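For reference, the chain that follows is the form predicted on its own, supplied as structure tokens.
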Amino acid sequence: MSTIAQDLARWARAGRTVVHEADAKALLTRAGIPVPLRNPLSGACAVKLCSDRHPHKTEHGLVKLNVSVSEAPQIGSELGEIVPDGIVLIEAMVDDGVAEWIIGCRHDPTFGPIVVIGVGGILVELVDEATARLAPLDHEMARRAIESQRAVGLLRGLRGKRLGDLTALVDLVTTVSQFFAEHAAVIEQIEINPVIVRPDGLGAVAADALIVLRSTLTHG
């Protein structure tokens, strides 16, 4: 079995720039980053058609939510007709989220690999608050970065709501930052949005993910 570094280098040499969600999640899973259960046997599903040519799937009608397990294969087949060379991704819906976060990794021209952390999902455009840190982060650095934001109140039982799994979010941020730092020579950018933070003790998952490879390697 090839290593993560070998797969990234092979994709870059092949001229691949955008790595669609299905492949990005498969890679992140190997790095220890939790994602929703793939091909669940029961419950509601999210059905997505993943393609490097259409990284923003929702804009192209390539995402269907709250689909039953029995309907998912047919929905996936219909999406496949829109983009024949795409990959159908069927995942369990994570419907117990307390809050949504965004984790972005990129190269700063001055400081090098950085990680940007902030509230995500539908609030990302409404809450103008994000924290940037040099990659990689350890657990204490990740926790301080999250707790420096007012939005951390969403995880602390704001107005009687459930506590979010802050520890799981810290673990996820730490792992993503270390993954990016280790492979920064090949990866230009990572965007995970949203990270769904579940109730305390139940974890956090990367519900959507995108990886962009460094174009300077595509001609090597």
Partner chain sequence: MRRLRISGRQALDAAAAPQSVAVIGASSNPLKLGHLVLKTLINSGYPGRIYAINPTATSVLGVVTHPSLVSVDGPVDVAVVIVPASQLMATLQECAATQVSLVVAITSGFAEAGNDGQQLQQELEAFLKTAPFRLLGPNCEGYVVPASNTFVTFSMMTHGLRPGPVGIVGQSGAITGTVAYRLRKTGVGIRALFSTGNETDLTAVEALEWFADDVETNTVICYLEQIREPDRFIAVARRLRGLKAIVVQMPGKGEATVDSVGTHTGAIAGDDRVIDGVFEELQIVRARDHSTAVDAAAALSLGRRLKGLKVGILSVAGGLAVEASDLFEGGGFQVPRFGDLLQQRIRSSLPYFAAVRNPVDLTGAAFSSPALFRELIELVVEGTTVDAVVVIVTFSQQAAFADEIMRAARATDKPVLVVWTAPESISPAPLAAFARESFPIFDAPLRAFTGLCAIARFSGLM
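Numbering follows the first chain given and starts at 1. What you see is a predicted model; the values in this text were computed from it and never measured.
Form predicted together with its partner chain: not shown, discussed below.
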For Arg53, is any heavy atom within 4.5 Å of its partner chain in the predicted complex, or not?
no
Using a 4.5 Å heavy atom cut-off, state whether Asp108 contacts its partner chain in the predicted complex.
yes
Give a yes/no on whether Ser148 approaches its partner chain to within 4.5 Å in the predicted complex, heavy atoms considered.
yes
May I ask you to state whether Glu129 is within 4.5 Å of its partner chain in the predicted complex, using heavy atom distances?
yes
Heavy atoms within 4.5 Å of its partner chain in the predicted complex: which stretch among 186-194, 64-72, 34-42, 170-178?
186-194
With the partner omitted here, the residue among Leu79, Val98, Ile114, Ala92 that in the predicted complex has a heavy atom within 4.5 Å of its partner chain is Ile114
